[in-house]
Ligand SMILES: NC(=O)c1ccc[n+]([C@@H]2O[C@H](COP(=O)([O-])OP(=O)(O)OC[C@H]3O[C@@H](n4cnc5c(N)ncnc54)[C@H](O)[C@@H]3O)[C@@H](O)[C@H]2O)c1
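Quick heads-up: it's one chain on its own, the form predicted on its own, in structure tokens.
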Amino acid sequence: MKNYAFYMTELNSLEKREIPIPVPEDDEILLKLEYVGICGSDVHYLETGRIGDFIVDRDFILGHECAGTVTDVGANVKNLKRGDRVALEPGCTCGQCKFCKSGKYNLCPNVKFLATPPYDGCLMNYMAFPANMAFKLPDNITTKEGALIEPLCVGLHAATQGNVRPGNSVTILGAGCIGLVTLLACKAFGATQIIVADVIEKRLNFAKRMGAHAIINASQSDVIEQVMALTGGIGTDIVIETAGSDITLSQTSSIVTRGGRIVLVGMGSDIVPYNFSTLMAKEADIKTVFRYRNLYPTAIRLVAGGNIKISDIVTHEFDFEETPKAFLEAIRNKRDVVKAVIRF
């Protein structure tokens, strides 16, 4: 039994190395990884070496969307046992600060989040992790689906921040992985008109197959005009921006209906021109999203119950040995790769 990990050694370079198999501490499990998803943040770190103030300054392990099988447990672990299949929530918070104690632990300033410098990620065969952040998967959920629970939680949090309710109309700007899981979340929450806009036709076709009621190719049509035509000129109750584009962010105030809600998920430029006068005349709310909180059990139940078919977002699958190839494909073929996963 050996443990290997892929290290980012420099920009656009990954190297496989043998590392020790960790011994779980009293409150930890030892997990044999089976699937790891490639997130846009992983690709961004590999391409640029940083996201905002988070800078890769040493050899670094990527990956934070993961699931696998428990192979050992620490002395204090009672809720899990060897052989259990689990999905990991990748952020371990302090539990003591104001934000943790108020339930908003995603805002904890002391969070240790996988693959966010200085903390290594999970692209390895075996890893130890706190048992209280490992969520057991029902028999009818695969570990491949378990690795997709993490991005699904982002979509669920976006829908929650937008207060999506049955009968609502929603525009989602961006049909990448996060846009698609947001679409799935809004469907599960009962939205009855979901419009998705993007510039990549393949992603729009995915959105249509996954339940979007209308799609708009923003490279061929004016998104604002199209949304107004589809909504009788009033816009949608909720607008969720997932693309992280200055253009789509600027469109949100024009698309949202009076008294509606805007949710910002995508991370774009630090400073963006924005028409606040249009927004103020509508008395619309703006909410932002930073990861998620208290949603892993809900996400797992929604997938287990058949309410959300999360595996539909996967377009590419690679073996662990093909990890460098997988990342190269994600970098060079962004128009076709909607979601890639690595299989151990």
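Bear in mind that the values here come from a model prediction, so they are computed numbers and not experimental data. Don't overthink the numbering: it's just position in the shown sequence, from 1.
Here the subject shifts to the form predicted together with this ligand, a form of this protein not shown in this document.
Among Ser245, Thr143, Thr71, Asn125, which has any heavy atom within 4.5 Å of this ligand in the model of the complex?
-> By the 4.5 Å heavy-atom cutoff, the listed residue in contact is Ser245.
Interface residue in the model of the complex among Ile234, Cys94, Met267, Leu107, criterion: non-hydrogen atom within 4.5 angstroms of this ligand | Result of the distance check: Met267.
Is Ala214 close to this ligand in the model of the complex, meaning a heavy atom pair under 4.5 Å apart or at it?
-> No, Ala214 is distant from the partner.
Counting only non-hydrogen atoms and a 4.5 angstroms cut-off, does Leu156 reach this ligand in the model of the complex?
-> No.
Consider His316 of the chain shown here, and say whether it contacts this ligand in the model of the complex, taking contact as heavy atoms within 4.5 Å.
-> Taking the distances in the model of the complex, the answer for His316 is no, it never comes within 4.5 Å of this ligand.
Contact test in the model of the complex: Arg203 vs this ligand, heavy atoms, 4.5 Å = Residue-level check for Arg203: yes, a contact with this ligand.
Region of this chain that lies against this ligand in the model of the complex, out of 85 to 93, 190 to 198, 160 to 168, 225 to 233 [heavy atom, 4.5 Å] | Looking at the other structure, the answer is 190 to 198.
All of Gly176, Ala218 and Val289 with a heavy atom within 4.5 Å of this ligand in the model of the complex | Checked in the model of the complex: all three residues contact this ligand.
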